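Let us start with two forms of the same protein chain, each given on its own as structure tokens and named structure 1 and structure 2.
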Structure 1
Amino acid sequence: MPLSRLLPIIPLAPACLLMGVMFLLPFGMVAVTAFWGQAPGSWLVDEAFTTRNFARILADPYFVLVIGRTLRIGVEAAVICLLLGLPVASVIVRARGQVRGLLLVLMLLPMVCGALVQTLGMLNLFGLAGVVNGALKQLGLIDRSIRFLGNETGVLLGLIQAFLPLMVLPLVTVLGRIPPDLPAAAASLGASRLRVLQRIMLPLAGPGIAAGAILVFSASVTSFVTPQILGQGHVQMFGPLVYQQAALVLDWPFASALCVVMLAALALAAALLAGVARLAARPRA
């Protein structure tokens, strides 16, 4: 019965077709371009096979450092968003009526106003001349402005502000389905808090946590505007680096190679994570 075997795959067709033609084909070209170069003194792509771009990336600690830093900041952003997002999502889930609607839409607002204008808002808040520094000076707590921005903390602040909705809202969709008295019931049966978390909350909220973490991590790792403006040149991350090479230096083969290396790093990280998860899931004796 080939039709009934095929039936479960049919819903995949539109998305896979779109992704195949519009993303994988052009991206295949990116992978090919990564092995091309530029003729000396020209910005035109020279279609002769070369591994020069990869040699340059791997030989220069700078690029490896940027990729490493980007991955680390992505993980930090995802973890902090999760730690902040879980309590916030649980408050939203328990709110009712008008309050619930308002909390949901306010959480979406950072995505409404756009990264550009918002990042400039962050600059006006946390910059050396910003509101926060001004208030601290007024209160006599500091003499000289604190440098919140232009370092990793500043970039992280911006990423969390911009991408927290990507964590909170998926969490709300899964936490809303957990009966509110389930954890209490488990506790009354003598389960410790840790055990309630481990055996009840995590398995039930797990898909939401995974979705939120992936969205926040990916958005942070590829972010361009936030590190560019809030890093102020002192925190080079992957997004601005690729933009610099692709749109300003106009070295597309090199920018493509950077992306291929990043993809390899991500695949490696994912494989490691999957391995760890498999180990952790193995039933303990």
Structure 2
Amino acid sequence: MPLSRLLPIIPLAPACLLMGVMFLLPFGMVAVTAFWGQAPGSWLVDEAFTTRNFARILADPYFVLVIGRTLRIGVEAAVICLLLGLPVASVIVRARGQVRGLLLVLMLLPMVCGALVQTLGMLNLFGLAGVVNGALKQLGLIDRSIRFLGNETGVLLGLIQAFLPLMVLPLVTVLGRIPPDLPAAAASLGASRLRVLQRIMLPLAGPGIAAGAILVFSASVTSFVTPQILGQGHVQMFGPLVYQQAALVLDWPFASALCVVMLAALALAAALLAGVARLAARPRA
């Protein structure tokens, strides 16, 4: 290959090397370990090839239930973040100058603070003696505290609060590329608001919606801190389950098999969302 073609690629070499060592190599090790075994009553790993770990996942209703619950909560978080993120992204796109920058900074703050700080804040907000229950009592709307935590509601609230920026930022990018006078032009030709939304806005925003949904879904199903703290031990999800198998039970092959199953589910979800986005972006007669 001529040197002139290699020159643009050379600056990417350190990043590619870092990704390979820190990202792809551990994933490869997890995939290999998933097909190893462990003798009953022993912590020693048997490197002989076996599919026993995957058979165990499918045969035990508990693991199937946890994986199914995790995927369902991930879908719910992605859908709710989309419904909340579209209006927020529209407001940010319409803003100008310093106001737009301020709104983007406020949207990014949860990502900067870290999951632990956010989750601890949610404890103070939604606890039995928290701000939300106290405000509802002061307004006379409730007599007894509502239990937001220790159930799927609390976990879902925490995931939405933590990962809403992952939906808003891709939406801001795609909505910012849409000419602002395009909906008005369609309306002047007789298109209703619903038709403008269906035929123009959603197809053009499809890639951003798909990217945001993939990011929120992936982050939600692999989250550890939020389900562990807000679930309070009553809502078992994928992250805490893998931690238990790897760090407490010390069954690394089985924990790796769980990771491979979840990675396959994430890849399938990403492929489906990408296909839906391509279909939505096709021009219609």
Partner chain sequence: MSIGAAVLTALVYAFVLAPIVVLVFSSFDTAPYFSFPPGGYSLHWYATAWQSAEYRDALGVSILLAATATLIAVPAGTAAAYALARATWRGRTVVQAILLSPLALPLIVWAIELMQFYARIGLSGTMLGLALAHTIIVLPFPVRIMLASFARIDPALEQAARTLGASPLRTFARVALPLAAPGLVISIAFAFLTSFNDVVVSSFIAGARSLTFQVRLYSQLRSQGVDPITLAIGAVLAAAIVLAAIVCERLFRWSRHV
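Structure 1 provides the reference sequence; residues are numbered from 1 along it. Between two forms, the rigid core is defined as the largest C-alpha subset superposing within 1.5 Å. Predicted model, so just to flag it, every value in this text is computed and none were measured.
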Exercise for the section: Working through the pair one at a time, identify the form predicted on its own and give its number. Expected result: 2
Practice task
Please check if Gly37 moves between structure 1 and structure 2, taking a CA shift of 2 Å or more relative to the superposed core as movement.
Solution key: yes
Practice task
Classify Gly68 as shifted (yes) or not shifted (no) between structure 1 and structure 2, where shifted means its C-alpha moves by 2 Å or more with the rigid core superposed.
Solution key: no
Practice task
Please check if Gly233 moves between structure 1 and structure 2, taking a CA shift of 2 Å or more relative to the superposed core as movement.
Solution key: no
Fill in the blank from the handout: Core-superposed CA shift of Ala13 between structure 1 and structure 2, in Å, is 8.3
Problem - For Leu194, CA displacement between structure 1 and structure 2 after the core is overlaid, in Å - result: 2.7
